[in-house]
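In structure tokens, one chain follows: the form predicted on its own.
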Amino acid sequence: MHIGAPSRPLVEVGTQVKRGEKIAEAQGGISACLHSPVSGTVSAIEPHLTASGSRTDCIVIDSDGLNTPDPSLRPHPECEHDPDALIALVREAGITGMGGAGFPTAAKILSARGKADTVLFNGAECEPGIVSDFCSMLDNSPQLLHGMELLLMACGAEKGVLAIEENKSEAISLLSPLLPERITLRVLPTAYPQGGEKQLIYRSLGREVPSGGLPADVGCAVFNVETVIAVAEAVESGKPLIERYCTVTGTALQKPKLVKIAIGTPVEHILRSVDPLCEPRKVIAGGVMMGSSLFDLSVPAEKGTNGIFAMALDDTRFREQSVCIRCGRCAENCPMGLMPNYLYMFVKKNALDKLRAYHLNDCLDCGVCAYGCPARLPLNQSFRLGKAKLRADDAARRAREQAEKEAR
């Protein structure tokens, strides 16, 4: 559900839980609490497949269909003008980034305090076919406005910028006259992958985040609009992050549908809520450019699952990959200025030092390189594998250093 340390279960098999009740505690600074999205009974705590293809411990809850709310949930007016209280509530509510890697929001606020003079609110939603953020802005505009004010206060920032792409004219018309004086609207040309933090900061403010750096290094913090709404809901009603908007679309369906899903709902159950045109040949969790192709539809929807694409046969025909022809198209189109052709070769050769030297960790996983590759090379998948190898190598190095330190 989030990057960082896994949360620690607070329940066991047979525990009766209410909707919104905390069922797992955050562990460490980069972690997030988990809450039950339904009322029911914990039936298992066991390893389960996730959209990334890995297995991780999951809490399985059999819903009783009643959605009985946790009686402890209440409004938190004390957080309106107290940054520390708001950060504690955001952490307790399990709020994470809902448009990207799932970074815990409380940790992001802390990293920006005293550094950020501007907070960017990301309503760009550049991934093709996804309208979750757009519809959330329309349906929850009071909470969006409230959440922006709260996050400005928590970060100690002087001003805010709401960035929306020009193709979302309804949201622009609705929100433009409602924004407070210190929050400005920045209408951006429609482009992909503009929704990434570094790209949005550069397009909106002209500031360039250095390689390996964070938005706070250039005086910024960036929050997805659905995350902003979740912060306001936590203050207004005590509601933790237990549901989100999700775009369900694709050529295997009669028509696209926007649904509000309970976090943790199996993808196969979500697909049953729409009218199929045919049996899907491929299902992607997330967007078609940055999402993960699923081989098991029992995987749960996560806090960052903003879309599910069900593709028909004609859109999934396998094309045999060739070899790199050195056309340079991938490097020409890379929004981070990387050299994907070299990075692909270094991943295949397990050349970890070269991957670091050529800044693999700056890759956005946007998929532009793979989309335009005439050789059909699996560039995006290779780079994700390479990043995993770098993380494993860094963890092993830290373990060696710790062991050497303890042996002295």
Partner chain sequence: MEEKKLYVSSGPHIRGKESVSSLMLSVLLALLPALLAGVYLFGLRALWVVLVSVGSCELFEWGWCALTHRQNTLRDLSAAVTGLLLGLSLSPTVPLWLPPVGAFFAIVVVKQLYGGLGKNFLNPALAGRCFLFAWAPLMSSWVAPRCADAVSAATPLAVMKTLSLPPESLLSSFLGFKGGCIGEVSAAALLLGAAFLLLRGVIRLRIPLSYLLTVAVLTFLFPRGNERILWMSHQLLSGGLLLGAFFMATDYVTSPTTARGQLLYGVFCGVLTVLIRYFGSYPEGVSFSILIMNLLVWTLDRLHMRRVFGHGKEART
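The model shown is predicted, which means the values in this text are computed figures rather than measured ones. Residue numbers count along the first chain shown, from 1. Rigid core here is just the name for the largest C-alpha set that superposes within 1.5 Å across the two forms.
The discussion below concerns the form predicted in complex with its partner chain, not included here.
- In summary, the region of this chain contacting its partner chain in the predicted bound form, judged by heavy atoms within 4.5 Å and restricted to 104 to 112, 234 to 242, 331 to 339, 157 to 165, corresponds to 331 to 339.
- Relative to its partner chain in the predicted bound form, residues Y202, I284 and M345 are all within 4.5 Å by at least one heavy atom.
- For the residues G28, P69, P374, P47, the 4.5 Å heavy atom test against its partner chain in the predicted bound form is passed only by P374.
- When you look in the predicted bound form, the only residue of C58, A370, I61, L352 with a non-hydrogen atom within 4.5 Å of its partner chain is A370.
- Not displayed here, its partner chain is kept clear of S169 by more than 4.5 Å at the level of heavy atoms in the predicted bound form.
- With a 4.5 Å cutoff on heavy atoms, G147 does not count as touching its partner chain in the predicted bound form; it lies far away.
- When its partner chain is considered in the predicted bound form, K198 lines it closely, a heavy atom lying within 4.5 Å.
- The closest non-hydrogen atom of E320 lies within 4.5 Å of its partner chain in the predicted bound form.
- Along 204 to 232, these residues reach a heavy atom to within 4.5 Å of its partner chain in the predicted bound form: E208, V209, P210, S211.
- Once the rigid core is overlaid between the shown form and the other one, K255 does not reach a Cα shift of 2 Å, moving by less than that.
- A displacement of 2 angstroms or greater separates the C-alpha positions of C373 between the shown form and the other one, with the rigid core held in common.
- For R326, the Cα coordinates differ by 2 angstroms or more between the shown form and the other one after the core has been superposed.
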